[in-house]
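The chain below stands alone and is given in structure tokens; this is the form predicted on its own.
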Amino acid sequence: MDVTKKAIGMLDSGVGGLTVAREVMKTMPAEKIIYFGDTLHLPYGPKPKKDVKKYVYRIIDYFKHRNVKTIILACNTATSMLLKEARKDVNMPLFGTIDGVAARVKSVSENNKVGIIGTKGTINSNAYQEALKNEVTDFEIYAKACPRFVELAEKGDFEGDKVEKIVREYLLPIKQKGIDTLILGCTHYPYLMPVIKKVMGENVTLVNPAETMALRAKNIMAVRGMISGKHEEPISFKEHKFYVSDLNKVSIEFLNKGTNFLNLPNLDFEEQNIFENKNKNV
């Protein structure tokens, strides 16, 4: 099969990775996507690396059976814990949300004071911190885990007094450090971007790693001759496939609000519990 006709596999611990899918669709509109959200094991953030690796590698095996041409870790926890390791183990191009973000921060930060927010697993991995230090050694970095943000996004709670109160509790200590750039180090966090922007103020630039990763993936895939030959012609949304490992954990509130926020047609998730049978291929 012509590699350009194959789909891109995207994985996340839930529906947060759809913010990455949106950027990939905008950047590479002719590419088909197979999205897998592991809602059965959500959230990945507080789990030990050995468990996250077991889940992620099982999904990667599933993508191999679906004959994808590349895999995107649309999950910051999975990316920060496993990207380097998985690139050695997986015989195809592998991209993660951390790709290209340090260069983006360097280009927008004026005072080199940078905040990073993410899950506990992402923050503790130091992956973003190390990427920034490799780009500019004199960055002042302030990192904070914001676990409740995932809970809010998955429930479809994107705004309101309750959401703003929680966001303020997490972010005001970072804001007081005088940062001018904030990395949204979790794919769920863009759902809360309007509230985060309100709390942080106009002087703080919000960096969504999905944007830089999608562009980097496109450039590398183009060099390798993997982009669809009709890359200027958007495909029908119906050609994308969206799976979750536990449909009961996809909230009606998210489906109602999330699709509108993402500017996507109605999402039709299909349950595919690939963890029930290790040899299950479809």
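Predicted model, so just to flag it, every value in this text is computed and none were measured. The numbering used is simple: start at 1 and walk along the sequence shown.
Heads up, the form predicted together with ligand DGL isn't pictured, but that's what we're talking about next.
Heavy atoms within 4.5 Å of ligand DGL in the predicted bound form: which stretch in 24 to 32, 54 to 62, 219 to 227, 37 to 45 meets that?
Selected stretch: 37 to 45.
Sole residue of 210, 105, 150, 81 within 4.5 Å of ligand DGL in the predicted bound form, by heavy atom:
The residue in contact is 150.
Does any residue in 58 to 91 get within 4.5 Å of ligand DGL in the predicted bound form, counting heavy atoms only, and if so which ones?
Result: 75, 76, 77.
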